[in-house]
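The chain below stands alone and is given as structure tokens, in the form predicted on its own.
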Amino acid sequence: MKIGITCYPTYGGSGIVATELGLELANRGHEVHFITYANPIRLDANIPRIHYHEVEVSNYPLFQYPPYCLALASRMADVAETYQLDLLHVHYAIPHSIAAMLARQMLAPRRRLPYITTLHGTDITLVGVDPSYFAITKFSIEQSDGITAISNDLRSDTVKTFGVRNEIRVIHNFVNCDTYSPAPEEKSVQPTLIHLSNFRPVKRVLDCVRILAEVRKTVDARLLMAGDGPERGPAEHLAAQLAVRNSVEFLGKQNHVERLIRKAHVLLMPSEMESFGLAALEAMACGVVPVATRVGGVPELITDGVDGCLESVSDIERLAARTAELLMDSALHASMATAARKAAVDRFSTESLIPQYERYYEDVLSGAVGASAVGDRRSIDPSL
């Protein structure tokens, strides 16, 4: 198939998943075209069958805000027609699904161009529920030819919040277990914790520093902080306040996080909301035990006490206690690390999940998905 993929080309989970999906699809023989405003962070354009098309937005003085959505829609239509794409797959609802809908309508007189929207979490739980975007988010989801969500929890939230009647197929996030794999020889001698995120408030980055401070009362541990964002400054300040600044390394944005994860013993993910928890999955594949919060779709990934630990949001004492226990009990850590790797391989590997996307593409192209929404779209798209 010839597939167009649009995502936010940043360090957020949705962009990472979209990029990794495109790379895996290309490796399986499909032709993949990324249509974004910048080259996606993890995209290796040297891989055969991978193409990148930049979306350029004119900064005309009349526009206070550059009309990115319109430029994206125009670029989608142009790429789709030039390269005869079979479908568009957009990640994160706003504004990508609206742009895809416009591109579909632009080409409607000449050819069919279905699009699939994958929901990732904050596009529903934060952006989508904002009164300014609620109606357009609901509309864009319902106009999609296919909809996927990365967890059962996110699907339930979407149905509950927006009353969406379309089928939403759950396809969990995945990890390449060859790239993300244990490397005992690279493991740090000093007990090491790691946190990976875009440092937004929802990730509760400061809680990682608080957890470290508690853990260090019994274990000489250090913390690697990979990523960047608005909470980095406050986290650095808190580390100094709690007298653990010398035990925290703020590494900034990293392209090869698998090299960092392998050094750690425990991954901290104290988020107040996670629709899945991609960082935890990447850690599990590397044999690093996740200590996370029991929110959103995380329990669909982590089995508490088996391949990771789950506690309540902001319960620093319990999160720190579970972390310290893992660092002090080598047998417990080894058992859970082995189970974590096994869960990643057995349930969330690319070999298991990428074929689900391929089957879904085939269902959408054959018209087996989205039939209920087609009737609703006839009034705005006469070609249907």
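Heads up: residue numbers just count along the shown sequence, starting at 1. Values in this document were obtained by computation on a predicted structure and should not be read as measured data.
Omitted from view is the form predicted in complex with a small molecule, to which the following refers.
Novice: Just checking whether H120 would be counted as a contact of the small molecule in the predicted bound form - the rule being heavy atoms within 4.5 angstroms.
Specialist: Because a heavy atom of H120 falls inside 4.5 Å of the small molecule in the predicted bound form, the answer is yes.
Novice: Should Y115 be counted as a contact of the small molecule in the predicted bound form, where contact means heavy atoms within 4.5 Å?
Specialist: Outside the cut-off, so no.
Novice: Examine V17 and determine whether its closest non-hydrogen atom to the small molecule in the predicted bound form is within 4.5 angstroms.
Specialist: Contact check for V17: yes, within 4.5 Å of the small molecule in the predicted bound form.
Novice: Any of the heavy atoms of T293 lying within 4.5 Å of the small molecule in the predicted bound form?
Specialist: T293: no, not in contact with the small molecule in the predicted bound form.
Novice: Counting only non-hydrogen atoms, choose the one of 97-105, 212-220, 160-168, 194-202 that falls within 4.5 Å of the small molecule in the predicted bound form.
Specialist: One stretch meets the cut-off, namely 194-202.
Novice: Among V266, I150, I147, V175, which has at least one heavy atom within 4.5 Å of the small molecule in the predicted bound form?
Specialist: That would be I150.
Novice: Find the only residue in A239, L278, I302, A285 having a heavy atom within 4.5 Å of the small molecule in the predicted bound form.
Specialist: That would be L278.
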